[in-house]
Each structure stands twice: as structure tokens, then as C-alpha cells.
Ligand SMILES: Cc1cc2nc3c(=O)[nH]c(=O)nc-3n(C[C@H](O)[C@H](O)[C@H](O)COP(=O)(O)O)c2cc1C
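This document opens with one chain alone, in C-alpha cells, the form predicted on its own.
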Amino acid sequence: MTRAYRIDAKLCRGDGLCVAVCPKRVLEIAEGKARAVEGRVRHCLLCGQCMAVCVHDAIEVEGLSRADFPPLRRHAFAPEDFETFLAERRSVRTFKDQPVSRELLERIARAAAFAPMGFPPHSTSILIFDRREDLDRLAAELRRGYGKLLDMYRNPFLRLIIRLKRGAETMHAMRTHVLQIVEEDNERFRERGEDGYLYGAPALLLFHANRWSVAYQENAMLVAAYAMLEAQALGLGSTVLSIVPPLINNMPGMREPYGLGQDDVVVLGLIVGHPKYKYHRAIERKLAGVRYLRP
């Protein structure tokens, strides 16, 4: 799509910053001013880099609003402070019996929108559950749906069908991880009424996108990570849930009640709430590996 570039010649100083940051070489300096390169405007990604870097507000791109480019406040923390913040984050599954206000949930959503994306605009949407009755209903659906899956897995013929339909990788995850959790969590609910799926959290965020969007899974995961960090900054606890999306995506009749279209895919869930307990120690974690290509 060809886009219009409006460059105010009175404000443009011809410093070339917009040219330097453009990843698709859409801009150039001619006669001391910035201008769009003929024939390359169709390559514009709508990334907004040119508008964000221009000190003089001389450039505006069709499809982008100047209101979406507020001035930056430089962060006031050192790298060590940020690392401490990251170390403080815990996966929280025990919450106070206290709702999360919509003001806080909206702040989480706003912060999550700062996550990088494959191609603008964002392909990720967030569906928020913040009513107890809706959360309890979903938890009941999870127990029921995964209970059926557990029964199917116990049948050798149906187990073979699942393997052929879903593949060896999915089957391995089910055998070694998912079904063990399901059996235990359903038993916990039967015996003690404990919710082992959503952990009684007062809020759940579902990150979903159209399956035909470029890099929709990667984008949704990044958005969820930013949401999780913002929750931490607001004093809330959170935990990423991967057990919710498969049921909503694959169980008949689960999409429509939540306003999800046929091509919508739920990528991740994030439970959020006020932590019941305070942690006093970090947990050291290590990646599977870190190495340089050349020593």
C-alpha cells in the first residue's frame, strides 16, 4: 500500500535521522530536506521509527497519529535495578480474596501494547475475565473438557487417533506433562473443591490472534511477557497458563461464548491477582545453554 509522507519543510533540519532509522529505505535527503523515495513508499512497515526519532516533529506518515507518539520520559533506573526487578518476579498461584480493579487491568493492557511486533499494527488481542462467575464457569469447562481427554487417552484405539491427528510431539507433551496435571487437578477439585486450573485467581487474560496474521504466536507471547512484567510493577502476581488455550481452541462450542471467531487462536493465558504471600528470596534460574559461536 502506498502511503503519504507529510514533511514540514519549515521544521525539517535535514539531519538525516529519519533516513538512518528507516528499515526499508523509504526516505532520503534531497536539497537539504527529508523526502520519500519514489517507488519505495509501498515498502513502509508503519513502524513509526521516523516519527519517533525526529526531534523537530517534521514528519508524519499516513496511517499513524501524532497522538500515538508522546514524549519519552527517560528511565531513572540502573541496569542493576532492572535485574533486581526481574529477580523479584515469581509465578504466583496463591492470591488474596480481592478483585483486581479494571484500572489496573487496563494499565497492564496498555503496557503490553509496547511489546515488539512482527508487523504493525498488533495482531494480538486480549480477552479479560474479571468476574468470579465467568472464571468459575471456565474452570468447570476445563475440568470437564480435560476429564474427557483423559478418558479418551485411556482407550488404546482413541489414543492412536489422537496421536495420528495431533502428532508425536503433542502426544509426548500430553503423556509426560498435561495428563498427569489434569488427573491430579480434577482429583483435588473432587476431594477439596480446589481449582487447579485457574488457581482461584481474580482475573485471567487470554492472548489471542487471527491464525492468518504473520508471526501471531510470537507476537502474542511477547505481549503476554510485557503484561506479566507490568503486573509485577503494579505489585500484582501472575502466572502464564498454557493449559487453557488448547481446550478453547479445540473443544467444540468453546469459542462462540467468548466472542472468538473461527480463525481466532488463543495462544496464552495469564492469571493475575494480589499475591497472598510475600517472597523473601529470589530463585536462581539458568538457561539450557549459552555459548559463543567462536571462543
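Each residue number is its position in the shown sequence, starting from 1. All values derive from a computational prediction rather than experimental measurement.
Just so it is clear, the following notes concern the form predicted in complex with this ligand, a form of the same protein that is not shown.
Peer 1: Heavy atom within 4.5 Å of this ligand in the predicted complex: which of Val53, Ile29, Val240, Val265?
Peer 2: Checking each option against this ligand in the predicted complex, the one that comes within 4.5 Å is Val240.
Peer 1: Out of Arg89, His122, Arg107, Arg143, which one falls within 4.5 Å of this ligand in the predicted complex, going by heavy atoms?
Peer 2: None of the other options qualify; the answer is Arg89.
Peer 1: Spell out, yes or no, whether the shortest heavy atom distance between Phe189 and this ligand in the predicted complex is within 4.5 Å.
Peer 2: Residue-level check for Phe189: no, no contact with this ligand.
Peer 1: Tell me, yes or no, whether Arg281 is in contact with this ligand in the predicted complex, where a contact means a heavy atom of each within 4.5 Å.
Peer 2: Because no heavy atom of Arg281 falls inside 4.5 Å of this ligand in the predicted complex, the answer is no.
Peer 1: Is Arg285 near this ligand? Define near as a heavy atom within 4.5 Å, in the predicted complex.
Peer 2: The answer is yes: Arg285 has a heavy atom within 4.5 Å of this ligand.
Peer 1: Go through 241-249, 57-65, 32-40, 255-263 and give me the stretch that gets within 4.5 Å of this ligand in the predicted complex, heavy atoms only.
Peer 2: Careful reading of the contacts points to 241-249.
Peer 1: Just give me the residues of 184-207, first to last, that have a heavy atom within 4.5 Å of this ligand in the predicted complex.
Peer 2: Counting only heavy atoms within 4.5 Å of this ligand in the predicted complex, the single contacting residue of 184-207 is Tyr199.
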